[in-house]
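One chain follows as structure tokens, the form predicted alone.
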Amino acid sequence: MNDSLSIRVQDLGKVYKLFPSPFDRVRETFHPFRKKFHQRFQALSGISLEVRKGETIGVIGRNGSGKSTLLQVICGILQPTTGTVWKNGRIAALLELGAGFNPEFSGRENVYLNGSILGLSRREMDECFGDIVAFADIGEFIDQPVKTYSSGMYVRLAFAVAINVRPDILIVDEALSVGDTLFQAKCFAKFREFQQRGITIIFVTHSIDLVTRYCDRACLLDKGVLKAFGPPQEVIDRYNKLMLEYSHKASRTEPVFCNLGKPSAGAGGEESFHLNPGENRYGNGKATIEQVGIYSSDGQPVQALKQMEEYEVRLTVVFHGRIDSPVIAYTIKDVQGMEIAGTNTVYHHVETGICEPGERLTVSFAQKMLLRGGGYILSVGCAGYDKGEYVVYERRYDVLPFEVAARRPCVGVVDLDARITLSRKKDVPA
């Protein structure tokens, strides 16, 4: 294996045997004619990739696509059914945090126990024990049984053990955001320190912002197959298209999902978005918001957005009664439920006029995406005044989730796209 490589995966496959019941496993084992009672599940199929030393690789894909299985095979926790995996250096894995902890042992005893599981000697653990305790920051509880720990203390100690063993390769499976805000900041600071030290990192995430911010390359898995491997933004674009394809298929078989798309496309050519099946939808029935979507500047439906680029929030309302000057609005919330931004036709002094029964009104809100990287949820609404009273014709709260990939870090919730200039004078007296 080339010394410039940390990991090489070649034609990797992993098959699980799925039995209807434990008894069928026994029947297959002892059947005199070797009759099969299981079904084969292909978790991984034909995966080949190379990871260079010092690279940070992000692994993305839908739930059940094989991401965690791939990491477990690379770590050696699972054995591949076909193919080979070569590794160059010590691996530290953040997969099942605290999986090796004994609840009856103290935190100190579990630190040394986990160290031995990871292949470290007693002397090596003595050297890094102080760093582990300082990173976990659980104080005197280090000598108490871990069964008395809160869930936050438990995962903090487990994370501290895994991340302070000085690995050559770090494998992370959705474990970068544990504990409170300050501890998360420490986790990401350690992550960046590892990158600066040239440690190879492979991590699974559902956050496209983390992929664009930290990764040199990304790989996309779908149904156990490697669909893309390359620059992060190219892979994210492919992921976005893949999610839309699946949502479009679901919309044709599951009526609970609404078809959303361009108003000019017609019923047969609508695009589909991945909607929130738990959206809060209500109103008096005089109007229906039948289409909602976010579109790029070239008219493509997107749910993975790039910071500082132009996008359009578009919705189509069908009216079932005569309504005078309906108000069309949208709001954006973060994943904690805080309203970040929003506007409506009244704020922009846009007259919607009189809408008759059977009429369709399409409203587009065009703006530059200034939000910081992360996940958000779009809500839309149609309301107005009927005989002097404010009436909700239809609202769809938390209807459309989307992600924003930041091009740079910022403070707060928006990047105001500041332009920095410098001026320097040399004739200032000392």
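In this text, all values refer to a predicted model and were calculated from it rather than measured experimentally. Numbers for residues come from their place in the sequence shown, where the first is 1.
Note that the form predicted together with a small molecule isn't included here; everything after this is about it.
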Though the small molecule is not shown, can you say which of 52, 38, 27, 62 has a heavy atom within 4.5 Å of it in the predicted bound form? 62
In this chain shown alone, the residue from 383, 378, 404, 43 with a heavy atom within 4.5 Å of the small molecule in the predicted bound form is 43
Site test, 107, 110 and 129 vs the small molecule in the predicted bound form, non-hydrogen atom cutoff 4.5 Å: no
Even though the small molecule is not shown here, does residue 373 get within 4.5 Å of it in the predicted bound form, heavy atoms only? no
is_contact(residue 56, the small molecule) in the predicted bound form, heavy atom dist at most 4.5 Å: no
Should residue 18 be classed as touching the small molecule in the predicted bound form when contacts are defined as heavy atoms within 4.5 Å? yes
Contact with the small molecule in the predicted bound form for residue 395, defined as at least one heavy atom pair within 4.5 Å: yes or no? no
Report the stretch among 387-395, 29-37, 363-371, 64-72 that approaches the small molecule in the predicted bound form to within 4.5 Å, counting heavy atoms only. 64-72
